[in-house]
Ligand SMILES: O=C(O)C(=O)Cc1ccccc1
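To begin, one chain is listed below as structure tokens, in the form predicted on its own.
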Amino acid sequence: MTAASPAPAGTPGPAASPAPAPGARRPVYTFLGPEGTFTEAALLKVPGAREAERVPAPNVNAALDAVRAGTADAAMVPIENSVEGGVTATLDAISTGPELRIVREEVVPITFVLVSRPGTRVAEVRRIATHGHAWAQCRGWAAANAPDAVHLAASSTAAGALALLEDTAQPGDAAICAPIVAEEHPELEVLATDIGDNPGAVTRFILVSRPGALPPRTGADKTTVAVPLPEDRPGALMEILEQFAARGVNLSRIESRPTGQYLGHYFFSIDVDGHAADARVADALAGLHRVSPETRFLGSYPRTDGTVPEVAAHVSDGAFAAARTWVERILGPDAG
């Protein structure tokens, strides 16, 4: 991966929906709910989201389906965690079905608290409900402080915590969640704070809408594609990677996911540095389509960290333009 430098001052920020005009319909955003999730915290970083209608969804598929159906303008969902890697539910859901576009990303620092009903002590905890990614980030703490507790999978960190307020909750039940959940529900007692095993953990979230005009190129952009492996044979993956390497396009993430069609059939979810409007990225996308015609373009959008990639002179937009001009001179004015 290439070295990078900060974005220059004045670089436009990530694309966002403008505030609605007086009397206009408020935009509708959906997110992986319920309220109080890290996903909602990511959504609230989008300009105008606090004034928009926000609708929690029970899972990633439901959030994305609302966008596809037109009942929501955009959805905020998690896609990558610095500890656990890609969020498979999102990688799979966005890469299949009617096409969607990523228009923005947000990164949220992740901190966790352990909550339960009042009067519970950590030593009495026997079951801890939370999302699988949260459990992965706190299991070291749990092993050291609540060794007899087992993990109960929840659709989100907030859902696991709110389940403690239901009649089905039992003595010894606890949950790992974001601090905001405990702040908004004082009937929950915080048993321990900052319980994450990695204090620098962050999660990346994406704002997804229906296909339309791409966010404008800023110079500090990211492009995401899903590329099926067209044929399982030696060198097939290399042909895909060569489309980027030959054009000086840096990969910032690549993950393989099963297509679900049959055992051994995979697609690759890939993030690259650059925008589809960059000549080197556009040429790489064209090469990908030749190698794997079912390649799905998922969006070009500004990087939340504003990092500008270093681009070698021979793969700059100017170099591509000069090369095209040279070939056109060779072919002559009557070539067609």
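The structure presented is a predicted model; accordingly, all values stated were derived computationally and were not measured. For every residue, the number given is its place in the sequence shown, counted from 1.
From this point on, the text means the form predicted together with the ligand, which you will not see here.
Undergrad: Report yes if all three of Ala226, Gln243 and Ser292 come within 4.5 Å of the ligand in the predicted complex by some heavy atom, otherwise no.
TA: Heavy-atom distance to the ligand in the predicted complex: none of the three under 4.5 Å.
Undergrad: Which residue among Thr218, Ser209, Ser95, Thr203 has a heavy atom within 4.5 angstroms of the ligand in the predicted complex?
TA: Selected residue: Thr203.
Undergrad: Exactly one residue in Ile128, Ala134, Ala74, Ala161 has a non-hydrogen atom within 4.5 Å of the ligand in the predicted complex; which is it?
TA: In short, Ala134.
Undergrad: I'd like to know if Leu32 sits close to the ligand in the predicted complex, meaning any non-hydrogen atom pair within 4.5 angstroms.
TA: Close contact exists here: in the predicted complex, Leu32 approaches the ligand to within 4.5 Å, heavy atoms only.
Undergrad: Is there a non-hydrogen atom of Phe267 within 4.5 angstroms of a non-hydrogen atom of the ligand in the predicted complex?
TA: Phe267: no, not in contact with the ligand in the predicted complex.
Undergrad: Can Ser116 be called a contact residue for the ligand in the predicted complex at 4.5 Å between heavy atoms?
TA: Ser116: no contact with the ligand in the predicted complex.
Undergrad: In the predicted complex, is there a heavy atom of the ligand that lies within 4.5 Å of any heavy atom of Ile110, even though the partner is absent here?
TA: Yes, Ile110 sits close enough to the ligand in the predicted complex that at least one of its heavy atoms falls within 4.5 Å.
Undergrad: Just one stretch in 272-280, 301-309, 64-72, 37-45 has heavy atoms within 4.5 Å of the ligand in the predicted complex, so which one is it?
TA: Looking at the partner contacts, the answer comes out as 37-45.
Undergrad: Listed by sequence position, which residues of 66-80 have a non-hydrogen atom within 4.5 angstroms of the ligand in the predicted complex?
TA: Heavy-atom contacts to the ligand in the predicted complex: only Pro78.
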